[in-house]
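First comes one chain, alone, set out as structure tokens in the form predicted alone.
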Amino acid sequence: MSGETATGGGSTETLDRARALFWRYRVPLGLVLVVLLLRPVISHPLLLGYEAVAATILIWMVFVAAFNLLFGYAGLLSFGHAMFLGFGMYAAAIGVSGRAGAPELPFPVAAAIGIGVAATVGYLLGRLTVEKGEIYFAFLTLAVAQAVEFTANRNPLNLTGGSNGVTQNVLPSWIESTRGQLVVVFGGLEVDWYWFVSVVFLVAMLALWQIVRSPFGRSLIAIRENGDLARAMGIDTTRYKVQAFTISAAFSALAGSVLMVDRYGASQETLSVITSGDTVLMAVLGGVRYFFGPIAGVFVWQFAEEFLNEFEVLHLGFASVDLSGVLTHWHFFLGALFVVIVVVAPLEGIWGYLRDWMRGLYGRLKGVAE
């Protein structure tokens, strides 16, 4: 009897330990699941039926998560965050291609330069703007981003290619393109481009996760909730906001450098206010108060864009309806979904709504079992 009790107690203890371990590492496990499930899910015949956009979605997840470090955690809305994505893209493209007499650089060096430029601009811009007030910060970032886009369009020193962008000789020597498919070649080993992007995604997202769960990240949340109280507690709010802006810009440029390879070059449209606006919408759609919110928002946005653009005929069994002319206006439908999300759960987003629904379902199932 005592042996059975001891065995039962040991099983309960092991189960509790497993639960604690799972809860502690739930974010890394969730990120790995995103990598493993994303490509097979979207390539299912009932969904997109192809996997070409899977790597692009992962890159956008890194960019929007970097943006959300500033917006969701520090409470600063940047309307010009696309410029940091553009810094990464253009630096990588110009460095690798050796455009306009510039020295040809290895991709890691060119990407590091882009990240450094973005971080420097983020730091200097942050020093000038973070304490100007939320609305002024938003419009000052928008103004600077517009200036950056205008400069790129003017093609200074023949570096940015104007409206055509930089698209010639932009692939590093260790990346090959065969029939539109990118392959990373290390010696005699060939690695699918998706898995290379997956490694970048996991490293970047785990780094962001460590930042938001650190004392630095907790201080950002305190500043977001009540700046005056945070200052009264001894937190240097200006320094923390500037650091958050700098880190967010650096990770955005990292995403931009990888996106350059994924898109075979740097394009001016990446710097546009539309890109910055889409970034805000994706973050809010997913839920700005959650680490996985931007991931959910990017998935819904990118998947809907691809799915609605490809969807043509709805088969009802007794009749078929041609929707090709309607669903090309996919921005309208996502805009309607965005309005619903803002009205129903402005801070929770899709991820917060699903999380609350799953908790409610778990509570009901647990009640039935007991």
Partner chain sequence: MSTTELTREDLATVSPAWWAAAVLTIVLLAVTFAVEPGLFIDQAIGGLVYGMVLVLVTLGLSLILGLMGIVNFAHGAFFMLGAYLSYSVVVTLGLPFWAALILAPLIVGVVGVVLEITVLRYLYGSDPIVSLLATFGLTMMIEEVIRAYWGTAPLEISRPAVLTRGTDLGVTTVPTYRLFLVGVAVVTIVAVYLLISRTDFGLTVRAGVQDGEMTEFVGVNLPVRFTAMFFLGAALAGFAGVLYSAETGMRTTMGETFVILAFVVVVVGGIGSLFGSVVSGILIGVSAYLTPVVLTALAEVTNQPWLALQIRDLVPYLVMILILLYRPRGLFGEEGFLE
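Positions refer to the first chain, counted from 1. Note that the rigid core is defined as the largest set of C-alphas that superpose within 1.5 Å between two forms. Owing to the predicted nature of the structure, the values given are computational and were not obtained by experimental measurement.
The same protein also exists as the form predicted in complex with the partner chain; that form is not shown, yet it is the one meant from here on.
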inquiry  = For a quick test of understanding: in the predicted bound form, does each of G101, G162 and T270 have a heavy atom within 4.5 Å of the partner chain?
reply    = no
query = Looking at A250, L77, I211, A230, which has any heavy atom no more than 4.5 Å from the partner chain in the predicted bound form?
reply = L77
query = Of V300, I113, V280, L182, which residue is found within 4.5 angstroms of the partner chain in the predicted bound form when only non-hydrogen atoms are counted?
reply = V280
task = Go through 182 to 190, 200 to 208, 125 to 133, 240 to 248 and give me the stretch that gets within 4.5 Å of the partner chain in the predicted bound form, heavy atoms only.
result = 125 to 133
inquiry  = If we define contact as a non-hydrogen atom of the residue within 4.5 angstroms of the partner, is V339 a contact of the partner chain in the predicted bound form?
reply    = yes
query = Taking heavy atoms and a 4.5 Å cut-off, does A147 contact the partner chain in the predicted bound form?
reply = yes
ask   = Using heavy atoms and a 4.5 Å limit, would one call V109 a contact residue for the partner chain in the predicted bound form?
value = no
inquiry  = Test of understanding: in the predicted bound form, would A222 fall inside 4.5 Å of the partner chain by heavy atoms?
reply    = no
Residues within 4.5 Å of the partner chain in the predicted bound form, restricted to 194 to 208 and counted by heavy atom = none
ask   = Fitting the rigid core first, would the Cα of V343 be found 2 Å or more away between this form and the one not shown?
value = yes
